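To begin, one chain is listed below as structure tokens, in the form predicted on its own.
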């Protein structure tokens, strides 16, 4: 019976993550349109687009092109199973924060393999930007993870969430974790790949970069992967710094608040150039994360 429940969790959790991710994608387009004084599409537009893409014919560029997008999507699905959603975390006992850190590298690697196989120069430019951006936010992100592990003396995300629920949220529990939480929030748009860090898919510059050769079902799978990436970045922040939640509604509200705050920032900022993005990521966020780690070691 226990095994059946775990199998059900493994099946249901990615579906929940996908639903939340698609909803956030639609909400982002709608709110951004309102900020720009436009009517904008309906909140269900991402779902409509995915259904339309699956109904269209997709063009493959070979085995690596197909394998890359599957690898990227599989990495995101597995990562979802490691991050607690309320009390649901099927693979939480199979690894901790370091495993999550490694799994987060699979998504850009899969996209790079797939897009590189298309042979399009715009895709190559987008891939190089994506890897450079990943290099930019990985430095402060590693410092953030180290600070969290040192503060709680644990690699387990479940244990970290439980300690917060028994006491106070990380972001208000101490100065080092507050600095670390602010640093994570500052690099969150880069992790999610949204404005002002959308230079990897800039339509006006490189014709959507890695996505330029995707069509039909491949574009639908890429949209699903993006929805899961939104869910992963936000739920990781909520679990690490806002104590997660055992209640679905409260957990979703926390995700929504963090997302909307970031959305207002993203809607008014122009797109960074890649060198500006690296300068920013290795600036204030890295300094805050490093300060948090040093203070944690001292205190």
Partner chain sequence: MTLQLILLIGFCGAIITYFAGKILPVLREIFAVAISLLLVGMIVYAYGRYSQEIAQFGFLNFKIVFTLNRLSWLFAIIISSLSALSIIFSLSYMKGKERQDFFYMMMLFVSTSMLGIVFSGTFLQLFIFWEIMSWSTFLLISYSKGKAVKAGLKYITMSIIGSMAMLVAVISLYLKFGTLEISVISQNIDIASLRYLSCIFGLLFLGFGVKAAVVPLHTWLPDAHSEAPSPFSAILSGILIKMGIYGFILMMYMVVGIKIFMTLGVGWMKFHYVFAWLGVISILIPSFIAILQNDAKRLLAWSSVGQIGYIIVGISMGTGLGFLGGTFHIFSHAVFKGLLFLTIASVEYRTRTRDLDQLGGLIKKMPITFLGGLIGVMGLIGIPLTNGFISKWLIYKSLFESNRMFLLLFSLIGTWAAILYGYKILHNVFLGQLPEKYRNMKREPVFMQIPIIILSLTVILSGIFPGIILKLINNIAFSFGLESLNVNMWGVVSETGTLNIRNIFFGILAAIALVSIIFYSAKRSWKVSQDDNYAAGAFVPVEKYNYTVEFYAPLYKMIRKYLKDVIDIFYCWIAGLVDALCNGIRKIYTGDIGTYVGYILFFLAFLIIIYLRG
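Residue numbers count along the first chain shown, from 1. Note that the coordinates shown come from a computational prediction; the quantities given were computed from them, not determined experimentally.
Omitted here: the form predicted together with the partner chain. The next part is about that form.
Comment: 129 to 137 is the region of 191 to 199, 161 to 169, 175 to 183, 129 to 137 lying near the partner chain in the predicted bound form, near meaning a non-hydrogen atom within 4.5 Å. Proximity of residue 264 to the partner chain in the predicted bound form: non-hydrogen atoms within 4.5 Å are absent; the residue sits far from the partner. Interface membership of residue 223, defined by any non-hydrogen atom within 4.5 Å of the partner chain in the predicted bound form, is ruled out. Using a 4.5 angstroms threshold between heavy atoms, residue 60 counts as touching the partner chain in the predicted bound form. Within 4.5 Å of any heavy atom of the partner chain in the predicted bound form lies no heavy atom of residue 236.
The candidate spot formed by 23, 254 and 299 lies out of contact with the partner chain in the predicted bound form, as no residue has a heavy atom within 4.5 Å of it. In the predicted bound form, the partner chain lies within 4.5 angstroms of at least one heavy atom of each of the following residues of 273 to 295: 274, 275, 278, 279, 282, 290, 293, 294, in sequence order.
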